[in-house]
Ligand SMILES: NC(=O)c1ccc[n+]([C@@H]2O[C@H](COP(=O)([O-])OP(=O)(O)OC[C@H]3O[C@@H](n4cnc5c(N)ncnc54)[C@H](OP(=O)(O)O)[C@@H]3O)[C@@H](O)[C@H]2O)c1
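A lone chain, given as structure tokens: the form predicted on its own.
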């Protein structure tokens, strides 16, 4: 049985990923979050909860014991510090597989007017800090997959396509459910997309900005 540590387990995308894993695999989920009361365990036989911060190195190292895959669904101005803490803790426990949620635009890969709009919305710290965090992951010896979602919607759908680092980003939006299911599929088949950075969008959503703006 695969053991997956979910960092930021109460997040919307993580909730979709956990739900899909419980429905479609026998994976055991270790939910890790700062405020454990925020999370409702769906299956106590398949899920356990650890309260902790991703920069709390001793707690994180203990949580990584016997873990096969780490899925990091994190945010915050200290995202670089979180990335460094996770890489260090994983190395200490000799855990190799990491799935890391980032954002579109960290490589200046979003073309055209949408790229300019994305910069205008996310410059001033957000893109820069997430870009530096991604470099921390990419320069590690981990078997990582970085996921760069388009602007997120709450649509009840699974519909996405992928682009690779070095390719122009496609589309303007994607559902949180789509990202959660993609994460679940990577956890269920962890040999796929190793050392890749994936842009993720809903097909045929090209435009100068997301449709709701």
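Residue numbers count along the first chain shown, from 1. Fair warning: this is a prediction, and the values are worked out from it, not measured in the lab.
Not on display, but discussed next: the form predicted together with the named molecule.
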Can you check 61-69, 181-189, 155-163, 45-53 and let me know which stretch has heavy atoms within 4.5 Å of the named molecule in the model of the complex? 45-53
May I ask whether 12, 101 and 176 all come within 4.5 angstroms of the named molecule in the model of the complex, judged by heavy atoms? yes
Using the partner position in the model of the complex, report whether residue 129 sits within 4.5 Å of the named molecule, counting heavy atoms only. no
Looking in the model of the complex, any heavy atom of residue 38 within 4.5 Å of the named molecule? yes
Taking the named molecule as it sits in the model of the complex, is residue 151 in contact with it (heavy atom to heavy atom, 4.5 Å or less)? yes
Look up in the model of the complex whether residue 82 has a non-hydrogen atom within 4.5 angstroms of the named molecule, and give yes or no. yes
Just give me the single entry in 74, 95, 106, 137 that has a non-hydrogen atom within 4.5 angstroms of the named molecule in the model of the complex. 74
